[in-house]
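Quick setup: one chain, the form predicted alone, written in structure tokens, and binding and motion questions come after.
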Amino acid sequence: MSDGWRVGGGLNGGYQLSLLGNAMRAALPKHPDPVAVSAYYISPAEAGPVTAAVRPLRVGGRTATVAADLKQDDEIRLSVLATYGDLDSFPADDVRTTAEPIAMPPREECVPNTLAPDEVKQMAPFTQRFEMLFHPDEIGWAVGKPSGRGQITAWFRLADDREPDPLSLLMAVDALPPVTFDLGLMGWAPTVELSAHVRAKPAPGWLRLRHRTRNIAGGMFEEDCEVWDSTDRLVAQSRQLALLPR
């Protein structure tokens, strides 16, 4: 694993999850896409060699259930239980939702992550792996004026112009800064558990991401994420429980 995906004291959790997701995909040739993923982050991962131990538990017709561990130095860093399928075989026109697409200003009116200070880029180099254009009304936390609403929204795409796919969505749901930044609580917020649902293959183009939180208790907070593609399709949802920044 590359140090270029580091944030604070460890490697980004979404990056780890997408790598392990790729290993699970390799073990399930008839079920290539993550559908439901529950990930437990056991210890911080570092740059260097890792091993993916994958155990298919049941392979059915439409879905397969699989367990996997990401191991480093004989320790488990990440443990996952997941359901995989073939999103191309799911009924594409069966969509009934009350969810409303994320409304964003034009990209030229948003605030790019490239404006981050050099010390932030050095502390969290993973932020340079993609382009983020933040909603101008939700970027006050970057200049010491958080809104207190607990919401961060942004346009998003990978920096190498790779189009989004189901595996990259596992990374995207953990890509934005911790939503606690908008509450004035800055710093690395380690994930305890993350559950992600991939609802459809994303269309080419920019994604729109929104992180929200409503409850802080016991030194932890929940972070809900929605990912919308360029066709206004809700393609991924997640909730994670994370530790408050120290």
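Heads up: residue numbers just count along the shown sequence, starting at 1. Please read all numbers here as calculations on a predicted model, not as lab measurements.
Below, we turn to the form predicted together with another copy of the chain, even though it does not appear here.
By the criterion of a heavy atom within 4.5 Å, Val37 is counted among the residues contacting another copy of the chain in the model of the complex. Among residues of the shown chain, Glu193 is one whose heavy atoms approach another copy of the chain to within 4.5 Å in the model of the complex.
Another copy of the chain in the model of the complex is approached by Met220, whose closest heavy atom lies within 4.5 angstroms of it. Heavy atoms of Arg199 reach within 4.5 Å of another copy of the chain in the model of the complex, making it an interface residue.
Between the options Leu115, Val143, Ala99, Ala103, the residue in contact with another copy of the chain in the model of the complex by a heavy atom within 4.5 angstroms is Ala99. With the partner omitted from this view, the residue of Ile216, Met186, Val54, Ala203 that lies near another copy of the chain in the model of the complex is Ile216 [heavy atom within 4.5 Å]. Annotated contacts: Arg6, Ala26 and Thr231 are all free of another copy of the chain in the model of the complex [non-hydrogen atom within 4.5 angstroms]. Comment: 85-93 is the region of 165-173, 85-93, 115-123, 134-142 lying near another copy of the chain in the model of the complex, near meaning a non-hydrogen atom within 4.5 Å.
Along 71-86, residues Ile76, Ser79, Val80, Leu81, Ala82, Thr83 each place a heavy atom within 4.5 Å of another copy of the chain in the model of the complex.
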